[in-house]
Ligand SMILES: NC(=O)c1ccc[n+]([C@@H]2O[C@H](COP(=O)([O-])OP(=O)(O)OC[C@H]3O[C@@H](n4cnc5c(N)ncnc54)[C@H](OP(=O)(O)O)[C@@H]3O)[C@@H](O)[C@H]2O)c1
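The chain below stands alone and is given in structure tokens; this is the form predicted on its own.
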Amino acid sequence: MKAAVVTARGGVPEYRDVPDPHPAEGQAVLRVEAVAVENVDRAIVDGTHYTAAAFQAALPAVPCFDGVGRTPDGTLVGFGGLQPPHGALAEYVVVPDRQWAPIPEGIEAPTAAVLATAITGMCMKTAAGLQPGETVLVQGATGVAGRLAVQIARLLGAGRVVGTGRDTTALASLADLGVDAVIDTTAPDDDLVRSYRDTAGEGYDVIVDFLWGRPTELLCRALTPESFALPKPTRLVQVGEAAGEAFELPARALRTSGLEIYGAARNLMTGMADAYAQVVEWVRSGELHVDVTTMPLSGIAEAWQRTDLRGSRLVIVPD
């Protein structure tokens, strides 16, 4: 069969022949229908993600570890549980029986492949307990996950939504998704701190943070009062690190700002089923728009190197 194979750290996947998969007991062979290529997949190939060691040790290997496929009886399912060197960017995959589940009717395979990204946006409710009428700040609102989070904030009843990003054209387009105000994170430090403060209104209740690094360091500075105060809580959910994996967090930023920091996985074990059902309902009804760009597996080298998608998720489909 054909697959996308990475032969060296940071390499571009190559479309080539690999051995056909042979299932053992308790496994099934699925025909792959759609695989979303996400930032984490690129980071694993580059060796920069904290989980990248197993992939790098298994080279040559096939990237991406979940996707959408069909069982031998034609059922469309979402699958996961693949381990290097075996990945999802192939014509067929072998998957343990408990690592796949049917895709709800009415959801096409390319869209289904991106549902996990949409569910990530639900962390504003599962992790931070967003309530109707509250103000949401989406750090990194111009990317795929950020644009979905903006829509989800509105669908969950946010009273006000603020989005940040560094692409002025993409920032301007966020008004169509329901953003009330935008912040350009390319501004000089003092100007960016001032923008966070000026745009906060009565304060940010929930922050969904896909950036970390410099923008979030300056955000924390903006949230810290300049005199003794007891502000209302600001619940920040850490999701991604597109702008950096670390920054300096002064003690006062937590002691006097009301800032509370949670990981995106907080309460996910108990909230996943409801979050998934809600996202599916919104996608089916057309209330939540998932923007995808599909390319064939044979074009993986070109697809992997694309930089022009601007808020659309790359999804690899069969030839």
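Here the structure is a predicted model, which means the values were calculated and not measured. The numbering used is simple: start at 1 and walk along the sequence shown.
One more form of this protein exists, namely the form predicted together with the ligand; it is left out here, but the text below deals with it.
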Please state whether all three residues Ala145, Leu211 and Ala243 have a non-hydrogen atom within 4.5 angstroms of the ligand in the predicted bound form.
yes
Want to guess which of 89-97, 104-112, 145-153, 188-196 is within 4.5 Å of the ligand in the predicted bound form, heavy atoms only?
145-153
Taking any heavy atom pair closer than or equal to 4.5 Å as contact, tell me whether Asn39 reaches the ligand in the predicted bound form.
yes
Contact flag, Pro215 vs the ligand in the predicted bound form, heavy atom cut 4.5 Å
yes
Just to confirm, Gly163 within 4.5 Å of the ligand in the predicted bound form by heavy atoms?
no
Using heavy atoms and a 4.5 Å limit, would one call Leu137 a contact residue for the ligand in the predicted bound form?
no
Option touching the ligand, based on a heavy atom within 4.5 Å in the predicted bound form, out of Val206, Val239, Val179, Met122
Val239
Within 4.5 Å, heavy atoms only, which of Arg16, Arg9, Arg310, Arg306 is in contact with the ligand in the predicted bound form?
Arg310
